[in-house]
Structures are given as C-alpha cells and as structure tokens.
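Take a look at this one chain, the form predicted alone, written out in structure tokens.
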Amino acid sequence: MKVLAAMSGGVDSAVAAARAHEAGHDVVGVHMALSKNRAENRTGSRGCCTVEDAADARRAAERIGIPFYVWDLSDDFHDLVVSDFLAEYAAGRTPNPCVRCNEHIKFATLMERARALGFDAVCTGHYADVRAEGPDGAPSLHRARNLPKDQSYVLAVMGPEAVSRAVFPLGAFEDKEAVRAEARERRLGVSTKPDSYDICFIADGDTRGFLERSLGEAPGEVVDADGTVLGTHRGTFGFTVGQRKGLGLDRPAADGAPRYVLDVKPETRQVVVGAAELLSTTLLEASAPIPFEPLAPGREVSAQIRAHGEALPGIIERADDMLSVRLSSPVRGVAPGQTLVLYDGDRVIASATLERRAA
C-alpha cells in the first residue's frame, strides 16, 4: 500500500514507520506542526510537536530511507482541539484533548489530506491493533497486547471507516522496552527519548493556570448539596467532577470526611461538593454515539470512562441517538465531556460522549 506515516519525533512513531516500510509499503513520513509558537522547545517529557521533535522525526525518516515532510496544521489544531478544550471547560465539562486530537487531526484532517494525495492508509505509533474481526470480516479496532500502554480508548472516536484505513504496527509489542530496543537496533536516534505526558499544548503542566489565562477569572461560590455556601473560587473551569484536592475550603466537613466535586454549574458560577458516596452511579448516559457495529439493548459489554481506567461490565439499555449502559456495580466520578468506550472482549464496539451523571 501507499502509506502516510505520522511521525511525531518520538520512538513509537519512528519504529512504526520503519516497520511499515520494512513490510513493503510505499511509505512517506510527515510531521504535524501543531503549535503556533514556532520557537517552542521540549522540556523533558512535556510538550510535543516542537522544533526538536520535527528534527528528530526528520533524522529518523532519513535513517529509514523514506521521504519526509512537515505539514503546518497549527490552525486546525487550535480551532478543533484547543478552542474545543476551552469551550468545554467553560461549559462545565471535562474534555480529553487527546481524544479530540485523534478524532479531528490525526484521523480526520490528516486522513483527508492523505486520501486526497492518493495514500491508501495512515500509519501511527499508537498502541492498538486492527484485525478483520468486525461484522462480515470488516476491520475492527482492538486493544494492544501491551495493556498498560493500550490506546484503543483514545482512538475509539475515529470510527469504523477510519479504522479500515489505519495501520498500527506497535499493537503486537508486549512492552515499551521492546520498542526502544528495536529503535536502537535500527539506529533511529530516539531510543532513549522520554514519552510525552500531560497536555501537549500546556507545556508547563499548569492546566488551571492555562484556563484562567485563557478564559479570565469568573469568581463564584463553592456550595454543598443543600446549597450552603462553603467557600469561593476564581472560576468553575478549575474544577472537574470527582476532584478532591484544590477545592480551596478552609474547614472540613462536619464528619471529617473528604469532600469531592459533585457538579460544576457555570451558569450560576457554582461548584457543588459533597461526600464520596454522592458521586456513585450505575447508569452511564452518553451522546453522539459512534458505533463500530450494530448495537441493541440487552447486550453485555465492558464500559470504560477514562483513558487508563478499568473497563466495567454492564448492559446496554439504550442504543439510538443516545447510548445508555447500566453497570453491574457503581462507578464514581463520571465527568460530563469525557469519552465512554464500549468493548466486547478486547474489541471496540462503540464510543460516545458522557453527559451529566444519571441517578
């Protein structure tokens, strides 16, 4: 196939591109420049798509022996990922920017350009697997063998059509050290480079500070479930459902138990806090479902609501323009705006966006 390899400048995407080339595909490497700050530098494991990353990707492509280009997608990234991130927090929701980036940049904008240029598939260094195990043998998205690094959750928004045009060569690796060892053997120059963590466009890791600088202060009240005022805050965007630390309260609950964020109400500028048991629910309700195969009420599934969270058993109760799943046991801290991904074994069967916690 003619394959466009997305090369971030890290070890994973470099090894993925090398494996695709070794498999006989006609591979072209591309680095996506996502930051509007052309002089931005990488700080250890923080930041990505920097000038250093572009240079590392170029050197790896030269070593593999494939053509290499840099595409400026900074406007798309700002409009589709950063602006969405800010808008969601302003609305009292908790977005996952990695999910949005995969949905809108890596498997929408990038794939659209790839198809326009005649490429058959896009290759990335994500830890996931594609197999012909969907309905009628269609390509389906599965967890990687390296479960601690599995990224099928953040890829589930790509949908079945994009899955059919995706190549994930790292899905078969059992651990990250094996990837680094292969990078050393291939002399790709990035075998010891640290992984990127945190949010790539918040290089200092201070999410609350970034939100405050971008959205401005909007003071309000911290209240309990009965509406009693317990304190004040500088903006509801600094809180997410399930949060325990950083509430800014100067006195404990009457029973001494920790308080957690139960709800965020930007319309009244209130943050509602309370006991841990008030966070629990067995019903997950999500909008904008992306099914990978036909779904129906009564089907047993595993439901995951966080990128590195546990998948919990449940049963689908509704599957139309909304997706509802009844869990077999309660889960805490369901934050609106996060992604719900449903699995059948290790196979992704649907994703959707969580709405406010149901009773």
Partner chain sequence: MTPASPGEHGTPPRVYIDHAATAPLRPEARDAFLDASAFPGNPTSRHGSGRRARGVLDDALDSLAASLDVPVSWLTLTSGGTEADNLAVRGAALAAQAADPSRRAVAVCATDHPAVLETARSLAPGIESREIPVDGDGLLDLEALREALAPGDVSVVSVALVNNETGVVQDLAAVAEIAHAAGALVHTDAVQATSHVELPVRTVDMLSLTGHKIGAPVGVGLLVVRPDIPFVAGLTGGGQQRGVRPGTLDAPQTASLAAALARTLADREAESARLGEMAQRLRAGIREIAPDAVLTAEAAPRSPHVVHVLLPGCDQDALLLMLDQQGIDASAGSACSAGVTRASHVLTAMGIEPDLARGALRLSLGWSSRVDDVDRVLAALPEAIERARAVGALVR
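Residue numbers count along the first chain shown, from 1. Everything numeric here is computed off the predicted structure, so don't read it as measured data.
There is also a form predicted in complex with its partner chain; it is not shown, and the following applies to it.
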Exercise. Considering E212, D224, D76, D120, which brings a non-hydrogen atom within 4.5 Å of its partner chain in the predicted bound form?
Worked result: D76
Exercise. Only one of P313, P297, G65, P294 has a non-hydrogen atom within 4.5 angstroms of its partner chain in the predicted bound form; which is it?
Worked result: G65
For this session: May I ask you to check whether A116 falls inside a 4.5 Å heavy atom distance of its partner chain in the predicted bound form?
Result: yes
For this session: Give a yes/no on whether V301 approaches its partner chain to within 4.5 Å in the predicted bound form, heavy atoms considered.
Result: no
Exercise. Going by a heavy atom distance of 4.5 Å, is A307 a contact of its partner chain in the predicted bound form?
Worked result: no
Problem set entry | in the predicted bound form, V70 touching its partner chain (heavy atom, 4.5 Å) | yes
Exercise. In terms of non-hydrogen atoms within 4.5 angstroms, which of the given stretches 313-321, 27-35, 286-294, 328-336 touches its partner chain in the predicted bound form?
Worked result: 27-35
For this session: Could you list which residues of 132-170 come within 4.5 Å of its partner chain in the predicted bound form, counting heavy atoms only?
Result: none
